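First, one chain by itself in structure tokens, the form predicted alone.
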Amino acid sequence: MTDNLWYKNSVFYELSVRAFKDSNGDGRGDLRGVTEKLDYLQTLGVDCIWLMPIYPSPLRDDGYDIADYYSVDPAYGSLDDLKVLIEAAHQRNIRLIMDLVLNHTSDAHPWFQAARSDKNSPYRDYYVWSDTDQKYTDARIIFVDTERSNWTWDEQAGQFFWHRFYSTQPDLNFANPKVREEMFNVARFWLDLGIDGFRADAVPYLFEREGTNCENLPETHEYLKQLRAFMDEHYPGRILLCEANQWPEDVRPYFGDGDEFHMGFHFPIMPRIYMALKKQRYEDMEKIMRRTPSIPENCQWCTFLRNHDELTLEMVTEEERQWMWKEYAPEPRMKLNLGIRRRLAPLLDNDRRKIELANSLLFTLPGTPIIYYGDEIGMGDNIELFDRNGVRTPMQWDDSPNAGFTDATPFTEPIQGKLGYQNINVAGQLNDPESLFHALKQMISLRKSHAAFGGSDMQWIQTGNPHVAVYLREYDGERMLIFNNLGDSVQQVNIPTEYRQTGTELFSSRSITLGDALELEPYSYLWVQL
């Protein structure tokens, strides 16, 4: 596993350890449970697993509130269990990355406890304190549903502390060289254990400066370049994936000159895939992709349809946000912050054609795709659960009690009803060659066997029909012409002269002759190798 650009044509799979598989009968998923299910992930075709946080934590923010950077929460197992998982994954040519939460800790972290209890503690300066809550007033509030300010008064400290997320997550002070060094030590610790890199959480907010919105500051980029240089020197072939929920041109600097992040999430394309499906037109996707700047050759975008958070609507206009809420979140419980707390299948009316079409877009647009656990079988959600927990329910392995996730009482009930485990589960879909699982498995296999999909080049092809997204993916002499009919009726497209030729339809391996026009069934897709 020495290919240093391995991430460019890989398929990632994000999972919540707590919700994936319980191996010891305590009702919570654990690292051994993930190890047990590696063969399943290998069957699907996954190249890299992204584990959500497994650090000790009070779980006020599902583990993104870390109480100890150098340990595994006993609920998930031990450091040895993690080593076993890494080794077993590597034997199957599956890599593994973890969350690196640089921006903040939990207020239960010993650093913060020491900082709040003593002004002279060396840890006092690990956090950002103020006698007033009127500093950095240009910084926006991110969790608008729960937080009124980015400052919280701490009675014990007699000062306000700064936080960009929940008030139980004080921000670290990156102006302090000790903090910067500490985070290098954290990275070193996990990389020495053998993990293949990090998804770096919430990186735009590391530094604060008066008179700015405290996002994307030059100091932040300077530090991240140092982190990358450290990894390149000591851990070549390991990656940094950037979580920056920003416009494409604002994420572009996070790639640097190929010397900052290897990968960056493309947040704005995601809601526009849903817009395109609902409007049955592709122009919203086309506009944002045309607006996406080119990136260095050793970098890659990361694309996704859903993840562990709400379907974020930060990177759309206010008018588009209201429209998305109206179309996709008709009940108040479906909304959260500036987003929608629903999974892929329920969002797309559990319509198999739409789910496959959305995945066709995911697997053929530029960028490395990430699948969120359970979406490969069309799992449901529970919008009645608190915060984002409704999309973090137990994986549905079979139709036995508790979805085959645990023999005990699960930490939260598996999904019931039409999209519940009695009807939607891994065992049933593995046995059914016509299942969603097998359709996605084939998409993954085709994507990985064609280098054109790993490149960043893409050209939109005008066919005179706004309902069909047609584009060319080209790399290393390989050319793929992709058709996605977003319409609920049969659509015809005009084929430009230079593409009227014989090619191979990838899913059937049959020869196909593209004449002057082509007819596509409702919500259908076609991948043609020219």
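We number the residues from 1 along the sequence you see. All values derive from a computational prediction rather than experimental measurement.
FYI, the form predicted together with 1-deoxynojirimycin isn't displayed, but the following is about it.
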Is residue 252 near 1-deoxynojirimycin? Define near as a heavy atom within 4.5 Å, in the predicted complex.
no
Spell out, yes or no, whether the shortest heavy atom distance between residue 309 and 1-deoxynojirimycin in the predicted complex is within 4.5 Å. yes
For residue 429, is any heavy atom within 4.5 Å of 1-deoxynojirimycin in the predicted complex, or not?
no
Check: Does 1-deoxynojirimycin get within 4.5 angstroms of any non-hydrogen atom of residue 151 in the predicted complex?
Finding: no
The stretch from 410-418, 112-120, 326-334, 161-169 that lies within 4.5 Å of 1-deoxynojirimycin in the predicted complex, judged by heavy atoms, is 161-169
The one option of 356, 81, 182, 201 with any heavy atom within 4.5 Å of 1-deoxynojirimycin in the predicted complex is 201
In the predicted complex, the residue from 225, 388, 438, 90 with a non-hydrogen atom within 4.5 Å of 1-deoxynojirimycin is 388
* Asked: Should the three residues 61, 104 and 243 be counted as contacting 1-deoxynojirimycin in the predicted complex, with contact defined as a heavy atom within 4.5 Å for each?
  -> yes
Across 140-154, the residues having a non-hydrogen atom within 4.5 Å of 1-deoxynojirimycin in the predicted complex turn out to be 143
